[in-house]
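This document opens with one chain alone, in structure tokens, the form predicted on its own.
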Amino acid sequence: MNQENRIPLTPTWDHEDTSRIPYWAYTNQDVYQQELEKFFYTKHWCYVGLEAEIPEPGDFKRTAIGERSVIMVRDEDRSIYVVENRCAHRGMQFCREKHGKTKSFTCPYHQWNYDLEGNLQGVPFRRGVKQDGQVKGGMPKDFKPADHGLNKLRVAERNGVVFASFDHDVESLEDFLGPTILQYFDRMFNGRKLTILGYNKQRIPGNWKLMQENIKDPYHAGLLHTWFVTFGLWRADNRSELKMDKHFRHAAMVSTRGDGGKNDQTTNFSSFKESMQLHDPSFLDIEDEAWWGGPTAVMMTLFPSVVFQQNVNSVTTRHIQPNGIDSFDFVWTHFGYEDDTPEMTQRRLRQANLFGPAGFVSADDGEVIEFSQQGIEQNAAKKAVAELGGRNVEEADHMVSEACIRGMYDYWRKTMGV
């Protein structure tokens, strides 16, 4: 690794593999700034939204890539553009609405106006003002609006999902995902038109990588989450697989629902509540869908920015938006398919209560990430242990493994130059 590509003034990764993760990876500000540059702003595709969120020309959605505010917008010709929410004049974040419809974007500071593609099309007093028979002020004669448009990102769309990159030389989205993960992506987003069912948003006081770890970690799912263990939705004795791309940055945890109930696997689990009953059994009114092809749950982590979740009939995107070394926003978009029956839509909405900031399952994750960050910050010289299933990075046909976490940090180390 060239010296100029190494992280300066940072403790070294002094373990031979990634079964030990130094706490400074979650607490060092210099490391965090380089993560933003190397993972969110260069060489990676990041999730920005679903086409269904901007169905008509002029529809837009404000979102984020890393710490940068961006706007996904549909132009009059129905093309989708993603532009940075930063006026080319004085750098103001001009768009404040989360969603809306417009014919153009105008910065309120000095009224610079841009078309939906991001081209500058209006500059007040560009040619000055007339006073006493003379033209005074204005932009220089060589000022060219074409040189002062919004920062336009490269955009990739696949089966209703929109990604963008600040890096126009990034590899194709398909190569970025790789054939293994692409198979699971196309299973969930198979070309059927999507419909938006609703949103949740939470701010979690923890390092953004802890959420990537959490969804790459089948170990906790059958231990922490009472719902999963008791009702058999996701636990260690279910038939399952762990899949990764060739770089180990993306992963898919695949599981088929079991019968639930008590057995040898649950005898000593404090999270197993044999007496737990539902007042409303419709929460477990699960209908097999033809596109599942077997698994009842697939949790995909696309590094660095998004989780795609199918857990029984609930389908959701979870967008990771870092806002500091110890905080990130987590935005949930619950969706369905245009050809869903009304009964299926209601089923998806009911099961969405399992997930989200106050979900019967997912509330646990936000809490343990917060507590993990607090423990890590107590002594940044220590290391986390990720040895379950061995110390190597390899796919598995069971859930008793932390291989996907080790894989992510193998990629992280190579890219960060640690």
Partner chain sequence: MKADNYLTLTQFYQNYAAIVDRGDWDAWIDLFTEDCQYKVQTRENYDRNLPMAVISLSSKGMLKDRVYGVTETIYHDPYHQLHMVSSPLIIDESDTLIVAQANYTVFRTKSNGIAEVYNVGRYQDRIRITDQGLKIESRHCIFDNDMVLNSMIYPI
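For clarity, every value in this text was computed on a predicted model and none was experimentally measured. Positions refer to the first chain, counted from 1.
Just so you know, the form predicted in complex with the partner chain exists too; it's not on screen, but the next bit is about it.
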| query | finding |
| --- | --- |
| Interface residue in the predicted complex among Thr256, Asn151, Thr226, Thr180, criterion: non-hydrogen atom within 4.5 angstroms of the partner chain | Thr226 |
| In the predicted complex, the one of Asn85, Asn313, Gln309, Thr230 near the partner chain [non-hydrogen atom within 4.5 angstroms] | Thr230 |
| Every residue of His99, Tyr199 and Gly366 near the partner chain in the predicted complex, heavy atom within 4.5 Å | yes |
| Listed range touching the partner chain, judged in the predicted complex by heavy atoms within 4.5 Å, from 328-336, 130-138, 240-248, 155-163 | 328-336 |
| Any non-hydrogen atom of Ala386 within 4.5 angstroms of the partner chain in the predicted complex | no |
| Non-hydrogen atom contact Val31 with the partner chain in the predicted complex at 4.5 angstroms | no |
| The partner chain contact at Asn353 in the predicted complex, heavy atom, 4.5 Å | yes |
| Close approach of Ser104 to the partner chain in the predicted complex, 4.5 Å, heavy atom | no |
| Contact set, 356-373 vs the partner chain in the predicted complex - heavy atom within 4.5 angstroms | Pro357, Ala358, Gly359, Phe360, Ala363, Asp364, Gly366, Glu367, Val368, Glu370, Phe371 |
